[in-house]
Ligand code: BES
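First, one chain by itself in structure tokens, the form predicted on its own.
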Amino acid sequence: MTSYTLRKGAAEKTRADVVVVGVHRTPQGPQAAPGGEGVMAAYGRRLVPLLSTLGFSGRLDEVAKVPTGGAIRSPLLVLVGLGEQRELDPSAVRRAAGVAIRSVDNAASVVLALPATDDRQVRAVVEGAILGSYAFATYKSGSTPAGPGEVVVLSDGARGAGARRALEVARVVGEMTALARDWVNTPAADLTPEIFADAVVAEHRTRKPGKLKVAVTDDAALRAQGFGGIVGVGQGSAHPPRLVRLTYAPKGAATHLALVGKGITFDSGGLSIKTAGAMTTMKCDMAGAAAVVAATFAIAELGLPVQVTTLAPLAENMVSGEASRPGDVLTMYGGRTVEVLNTDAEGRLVLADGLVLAGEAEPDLLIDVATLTGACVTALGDRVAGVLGNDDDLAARAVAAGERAGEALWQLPITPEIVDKVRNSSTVADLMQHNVDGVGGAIYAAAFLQEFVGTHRWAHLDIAGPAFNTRAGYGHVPSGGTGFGVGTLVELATELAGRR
């Protein structure tokens, strides 16, 4: 278990197994970022030529390891690139901390002398270190590399109340993002809807965040209460669906935020079955549910004065004689009927039920998070999430919150002709579930969801790309589940609480 502490001090005079400093890329060569000036001075003119020999220029995410030979008190110096000086913002610092901590092996103590001149940067350094040190080793046999026992963040403001609060926020957000990552990385056989629901209840009992309540609706109750979308998707599986509800109602809440997360614990595509290759990462199709649940735990633990109603509809989309068929008509929660044309477009069906139920709580803002469409990945790549909705101000706030949290989002439109297609294409039901033309898939899915939000201010986060990293880790982001969305939602809740 790694401890994270703040300390005021000079990096070159601090004893630890490893000292990390940030380096800018400039036309004149590598230049120390705030916090590392003393180390550069201790080396004098020797360091820049050495870095040039190593090919290190200070590019973002670049790393160089240099034995100090007594130039400073620590035996190993790690330099991490921060890019151009104009790029020095909390996101760059967070990434640098993540890169640095992942590059350190077998160190008992690490000192991070990265830019930490204000509270936002302090939080970014700690958060990056926590997220960068993440590893999912549950199924690994034998010993696994342990992270450092102690990480010290150097900052001149270490003794201030703001810095201490930043450390606490970073700890909570980091831990909850790691929790979401763990859930996403767990094989689907070990995280069925029932097990996932039980895991949320167990986490609540363990953490005991004040004023947060958890309730679970089982399959029989879902059928009795008319949750046609959740039941229709889950009925093909031997593992019946669940609906998890979290409510957080602190005194003096500034606003009421409702969150809905897609929780498909495995997506085979149903009878519209996926290819074998497309199924290999489909344990991640519950990443939206993991994000909204973990973010709610974080909001409650931080004591933010924002009321939160969170819903996680959980189902496994499987193939069997009980599975929904293309052409079936489902009656959703609230009474609207939907013609199902593609059982692999199941996420919008469980979300529709959740959105209607969330709306009954009369929130001020309604946000859903989902690994919803491959079309969004085609449009924005695998590191950027799409934001769509009925309120441009809320969408812009979500994008800005993501930027502060180190999570990239981009707004996409919901066009009138797509809305018309959702409403008027089916000859047998109120709405058509799937876009038969095969273009504009991300927009069509959002337009479908919009039919279930009523008049509430709503934003839809399509995280199909960045929720699961199939490549090597980068910055503070590992391979596998990323926990994308947790930081954005906590940041947005912090803004709504007036705590920014």
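Heads up: residue numbers just count along the shown sequence, starting at 1. What you are looking at is a predicted structure, and each value in this text was computed from that prediction instead of being measured.
This next part talks about the form predicted in complex with this ligand, which is not shown.
Undergrad: Answer yes if any heavy atom of Glu339 is within 4.5 Å of a heavy atom of this ligand in the predicted bound form; otherwise answer no.
TA: Answer no; every heavy atom of Glu339 is more than 4.5 Å from this ligand in the predicted bound form.
Undergrad: Is Ala158 near this ligand? Define near as a heavy atom within 4.5 Å, in the predicted bound form.
TA: So Ala158 does not count as contacting this ligand.
Undergrad: Any of the heavy atoms of Thr373 lying within 4.5 Å of this ligand in the predicted bound form?
TA: Thr373: yes, in contact with this ligand in the predicted bound form.
Undergrad: With heavy atoms only and a cut-off of 4.5 Å, decide whether Glu316 touches this ligand in the predicted bound form.
TA: Contact with this ligand, no.
Undergrad: Among the candidate stretches 192-200, 361-369, 148-156, 342-350, which one is within 4.5 Å of this ligand in the predicted bound form when only heavy atoms are counted?
TA: In short, 342-350.
Undergrad: Counting non-hydrogen atoms within 4.5 angstroms of this ligand in the predicted bound form, say which of Ala464, Leu461, Ala33, Ala447 makes the cut.
TA: It is Ala464 that has a heavy atom within 4.5 Å of the partner.
Undergrad: Could you spot which one of Ala379, Val419, Ala400, Met282 gets a heavy atom to within 4.5 Å of this ligand in the predicted bound form?
TA: Selected residue: Met282.
Undergrad: Does every residue of Arg164, Glu491 and Arg499 put a non-hydrogen atom within 4.5 angstroms of this ligand in the predicted bound form?
TA: So, no: the whole triplet misses this ligand.
Undergrad: Which residues in 255-273 have a heavy atom within 4.5 Å of this ligand in the predicted bound form?
TA: Lys262, Asp267, in sequence order.
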